[in-house]
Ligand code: BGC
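Presented as C-alpha cells, the chain that follows is alone, the form predicted on its own.
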C-alpha cells in the first residue's frame, strides 16, 4: 500500500472532552461565513443572463446575443467583458487573502471574519444601487475582499475549535453553507427575474447584504479559538476557554501542546519565508495542489451546461431555475453525506471514490453531448430519454464532487498546517483557489467555444491526475489532533524524507535551542 495506512491519533494521544453544545453552536455560526461565497457564486451567474441587467451595463454583449441567432450552443456567451465582471471578485479575494494572513495571525480569526462581513456588506450595497459599470466593479472588488477574509479565517477557525474526532464534520459546515448560499441565490434569481420593470437584478445583487449581516453579527458573538488566544499572549483566558469548549476541567495535556506549538511558532519571524523550508515541503505541496485540482474537476462546465439540457426535457422557460435548483439540492444533500462520512470513512476514501464517480460521469456526458451536439453545437431535436440520461449523470457527477473535492478541498489544507505557518499557508491555499477560479471562469467560455464537448475530456484527464496524486501522496488525517499532525508526514513513504524526527523532537513541534537540537534546513 503506497500511502499511509490507519495511523492512530498522532503520537497516540487522545485528548479528553466531547462535542459540547457550545462548540456546535459556535461552529454553525462560524460556518455561515460560507454563505457569502456561495450566494455570490449563485447570484452572479443568474444576473448576467437577465436582459435588463445586460442592456444597462453590457449592451454590446446583449446586442451580440440578440444578433447571433445561430444554433451553436457552444459559443453563445463568449464575452471577455462579461466574464471579467464575474471573475474580478476572485482577483480581489486573492489579494485580500494575502493581507488576511497577517490580520488572522496578529488580531485573531474572529476579527478577520468580522472584516470579511463588513467588506462584503459594503460591496453588496454599492452593487444594489449601481448606476454605472465602475460602481459594479468597485462593488465586486469589495465583495472579493470580503470573500478573501472569510475564506481565510473560517476554515482555520473551525479546524481549531472542533474536537479532533469531529473536526471533519464541523469543518465541512463551511462547504455546506457555500452550497446552501448557491441554492438560495438561484431560487431568488428566478423570482427576481420575473419582476416587472426589470429592476430585479438590484434585489439579487443587494440581497448579498443579508448573508453579510449574518456573518458580521455572528462574528461579534463568537469566542476566539484557544490557539489564537495563546498565539496573542492571552494564556490564562485561553485555558478557561478550552475548558468551556471541551466541556471538562482536565484539559492540561491539550493545553500544554497548544502552548508548546505557540512557543515554537513565535520563534518563526517570517512564516512566508519559512514555508519554503524543506520540512514544510509536504504542507506547501498540499496548499498549492489541492485547490488547483479542486478548480480543475470541471464542476463549472457541468453547471454551465445544465440549463440547455434541462430545457430539452420540457421545462421550457423555467429550465435554468430547474437546473440550478436540482443541481443545488443534489449539491446540498451530498455535502450532508460528506459531513456524516468524513470522520467515519476518512478523507482519502472520499477523495478517491468521488474522483472515480466524476470520471465515469464526465466520460458518459462527453459521449452523449458529442453524439448529439457534435462539432457544430446544434443538437437538433433531442429525445426526452436522452436528456434524462444526461441529467441523471450530471446529478451523479455533482454529488461526487460535493462529497469529495468540494468540501475536502477546504478541510484538508486547513487541518494539516503547524501553527507557526498556519495563517500564511492558509493564505496560499485561498490564493491558489481564487487564482484558478479566476482563470477557469475567464477562459472557460472561450474554451467551450473552441474545444466543444472535448472540454469534458480535458477536465476528465485532470480528475485522473488528481486521483493518482491523492492515492500516492495524501496521508489519512482522520482523527488526528491538529497539533499532532506532523506524525502523519513522518510515517509516509514519500514525505518522511523531508520531515525528519530531528525537525519535531517532541512529537509535533519544532524545539528551540534548549531542546534536543533543531535541524538546520
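Residue numbers count along the first chain shown, from 1. Note that the structure is predicted; figures quoted are calculated from it, not measured.
Note that the form predicted in complex with beta-D-glucopyranose (BGC) isn't included here; everything after this is about it.
The candidate spot formed by 289, 425 and 429 is out of contact with beta-D-glucopyranose (BGC) in the model of the complex: none of the three has a heavy atom within 4.5 Å. The chain is drawn here without beta-D-glucopyranose (BGC); in the model of the complex, the stretch among 234-242, 402-410, 160-168, 251-259 whose residues come within 4.5 Å of it by any heavy atom is 402-410. Among the residues 285, 300, 274, 357, the one placing a heavy atom within 4.5 Å of beta-D-glucopyranose (BGC) in the model of the complex is 300. 433 is the sole member of 225, 433, 189, 362 with a non-hydrogen atom within 4.5 Å of beta-D-glucopyranose (BGC) in the model of the complex.
When contacts are judged by a 4.5 Å heavy atom cut-off, residue 182 counts as touching beta-D-glucopyranose (BGC) in the model of the complex. Although the partner is absent from this view, residue 331 contacts beta-D-glucopyranose (BGC) in the model of the complex, with a non-hydrogen atom inside 4.5 angstroms.
The closest non-hydrogen atom of residue 41 lies within 4.5 Å of beta-D-glucopyranose (BGC) in the model of the complex. Under a 4.5 angstroms non-hydrogen atom cutoff, beta-D-glucopyranose (BGC) in the model of the complex lacks residue 216 among its neighbouring residues.
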